[in-house]
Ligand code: E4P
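Shown here is one chain on its own, the form predicted alone, set out as structure tokens.
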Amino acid sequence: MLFLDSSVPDEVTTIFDWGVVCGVTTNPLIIARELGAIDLETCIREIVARSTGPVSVELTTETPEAMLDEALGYHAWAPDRICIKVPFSEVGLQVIHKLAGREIATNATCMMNFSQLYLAALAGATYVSLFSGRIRDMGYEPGPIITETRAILDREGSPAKIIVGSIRHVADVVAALQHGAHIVTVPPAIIRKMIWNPRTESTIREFNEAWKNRSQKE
């Protein structure tokens, strides 16, 4: 299963028209970098209108009270669609647990190892997000973490779903799915690379040219 990792409404419209993604993840860095001073609520409401499935919106406050208030504000924008993205920490676990008690979907984010994913799942997170590219930056592979986490979640009957993000190459998508990720959240540039293959293009050209030549002969 694939989610789209983007905060640009026009990209969301284009890629959802392909019928291959079923949710959206956003983050404050992408919104600040790609959309500048746009109002967050306006941006998220646009994304919700142009997509289907959960839309993850990340908290930026740092105390339990402020994070919970922020989460409830975001949730009110589209209660059936908004998933609260909670940065992993001691405070984050508290917030995840409280939101789970209110039956509000959460995406525990910024996690780098098995123990973090497992704790977030125990706290009640709907999704537990592993950052593949950033793990590789630290010098080790995310694959075994995905496999180990999936095995334990399945063994314990946990409803939490593993999202793998921080995707930098098509090979990252393939590896995450092969190791057992429930979902990979993919940036637009990478999902476009998943489409392309030079042999596919040359084959299509060959078939089209053959048909044109046949028509000309007739």
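Being a predicted model, the structure only gives us computed values, none of them experimental. Each residue number is its position in the shown sequence, starting from 1.
Note that the form predicted in complex with the named molecule isn't included here; everything after this is about it.
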Quiz item: So in the predicted bound form, does any heavy atom of Leu29 sit within 4.5 Å of the named molecule?
Solution: yes
Exercise. Decide whether Arg168 counts as a contact residue for the named molecule in the predicted bound form under a heavy atom distance cut-off of 4.5 Å.
Key: yes
Quiz item: Can any non-hydrogen atom of Phe131 be found within 4.5 angstroms of the named molecule in the predicted bound form?
Solution: yes
Self-check item: Residue contact check: Thr185 to the named molecule in the predicted bound form, 4.5 Å heavy atom
Solution: yes
Self-check item: Among 172-180, 158-166, 59-67, 40-48, the region lying within 4.5 Å of the named molecule in the predicted bound form by heavy atom distance
Solution: 158-166
Quiz item: Which residues within 1-22 place at least one heavy atom within 4.5 Å of the named molecule in the predicted bound form?
Solution: Asp5
